[in-house]
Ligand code: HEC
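Quick heads-up: it's one chain on its own, the form predicted on its own, in structure tokens.
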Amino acid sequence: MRKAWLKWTILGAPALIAAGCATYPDQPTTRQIAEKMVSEGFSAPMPALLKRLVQDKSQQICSRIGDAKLTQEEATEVVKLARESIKYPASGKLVGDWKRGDQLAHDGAGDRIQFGRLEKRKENGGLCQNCHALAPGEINVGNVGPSLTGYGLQRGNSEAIAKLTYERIYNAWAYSPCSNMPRLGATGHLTPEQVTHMVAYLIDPASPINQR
């Protein structure tokens, strides 16, 4: 009996493993199955909230399966789409009020679902402190992204820096395709005017971020 069991283990197990591998779905099918599971598992009293389940073209490209790498063609497409998404404030002014930017950088409210409804907010926050170090001395900050302490001291506050900073906040994928940085402006979470305030918070010499 023991010999028969060993024989099955040696000969039968690899066959079952091979059969399992042969029937494993390809990436497109795996994606469809996963998206169906998420869709069926997300219930929302407000149909409008179901829009959150629909990925735009950039997000579809960036939703890699396993350790699949982004190809050069895909990265180029993401950057192109990101640049097309960027909208500038009607005033044409890219640097707003750093004090408002300070508030936005520490405010994490907005777009949260509470009791099946979006919370009522006058405006959304950016919550930069969740991922970045901000003003010197702050301890309740994150380290997922690079430190922003001294941002303006290191880069200055020229028009070119203001534009670069605005675009990176609005849609960071225009510079770092598929990065973890939220597309705060492109997704509509922040308005162009709010982004200008966050630009000011980063580059204005009077901002706490730029104090030694």
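Throughout, we count residues from 1 along the sequence that is shown. Please read these numbers as outputs of a predicted model, since none were measured by experiment.
From this point on, the text means the form predicted together with the ligand, which you will not see here.
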query: One stretch from 66-74, 30-38, 174-182, 50-58 that, in the model of the complex, holds residues within 4.5 Å of the ligand by heavy atom; finding: 174-182
query: The ligand in the model of the complex reached by all of W98, R100 and G108, non-hydrogen atom within 4.5 Å; finding: no
query: Proximity of A186 to the ligand in the model of the complex, heavy atoms at 4.5 Å; finding: no
query: Any non-hydrogen atom of P146 within 4.5 angstroms of the ligand in the model of the complex; finding: yes
query: Interface membership of I169, the ligand in the model of the complex, 4.5 Å heavy atom rule; finding: yes
query: Partner proximity in the model of the complex: K163 to the ligand, non-hydrogen atom cutoff 4.5 Å; finding: no
query: Listed residue (C131, V79, I113, I86) with a non-hydrogen atom within 4.5 angstroms of the ligand in the model of the complex; finding: C131
